[in-house]
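Okay, so here's just one chain, in structure tokens, the form predicted alone.
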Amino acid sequence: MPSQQALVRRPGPRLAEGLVTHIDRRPVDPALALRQWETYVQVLRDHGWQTTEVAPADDCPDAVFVEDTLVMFRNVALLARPGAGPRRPEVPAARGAAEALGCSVNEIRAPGTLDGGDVLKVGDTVYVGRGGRTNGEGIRQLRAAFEPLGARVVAVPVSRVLHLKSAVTALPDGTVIGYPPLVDDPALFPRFLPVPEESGAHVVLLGGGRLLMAAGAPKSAELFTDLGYQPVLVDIGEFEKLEGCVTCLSVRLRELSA
């Protein structure tokens, strides 16, 4: 049976200072962000996920976006080396959380860079975005870590958004979904479904056809409902101001041995 473990990290006191790259900076309400984060975590729990809080990294404004700190394949946690230097202190506590859950741990080493948000797994295919935060050496090291475990690693260009999963995620049947103006080359994916809103391209698979997604994409939610899925909507508006999405706020560990 798949495991349903998730790592999360509480937003820190410097959240409003988080990095923005492809959008204009807007004021962030830290108190509202904390309430939105608590609701997000509760939704995971309500759908059968056991959550583990990674220790705070309060000097790192972006630490709440814990997905960027590591990538899981099978029971192996590959620790990232974020492309933005100020984010690298976020990683050690994620290592500790992964080790406590029994993961085997590997890591990206210099000069490689890799952000977890640049990695999309569809079955045994691992798409890796080559863009502003992940470089070719990081992709090479990920390939070396995961291909012996049965992964097929496919590098794809990312130039219009921060991370690959800012542009695309995937439905339970493996169809990749994306908002076309932000996807460099949809033809790279065997099955691609365009969605009508930017945040509609971001889903977390909760299990049983349930899709965790942002409340700001009602047309996309309607599309997914028509396809037989069950959207579960959460308001993450304060994190979207920092180029965050529903995938960024957790690391899902689906293949841990009991």
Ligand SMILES: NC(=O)NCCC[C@H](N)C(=O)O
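Computed from a predicted structure; not experimentally measured. Residue indices: 1-based, along the sequence shown.
Not on display, but discussed next: the form predicted together with this ligand.
Although the partner is absent here, residue 81 lies well away from this ligand in the predicted bound form, with no heavy atom inside 4.5 Å. Interface membership of residue 244, defined by any non-hydrogen atom within 4.5 Å of this ligand in the predicted bound form, is confirmed. The closest non-hydrogen atom of residue 117 lies within 4.5 Å of this ligand in the predicted bound form. At the 4.5 Å threshold, heavy atoms of residue 162 reach this ligand in the predicted bound form. Judged by heavy atoms within 4.5 Å of this ligand in the predicted bound form, the contact stretch among the candidates 190-198, 58-66, 39-47, 211-219 is 58-66. With contact defined as any non-hydrogen atom lying within 4.5 angstroms of this ligand in the predicted bound form, 133 is the only contacting residue in 127-158.
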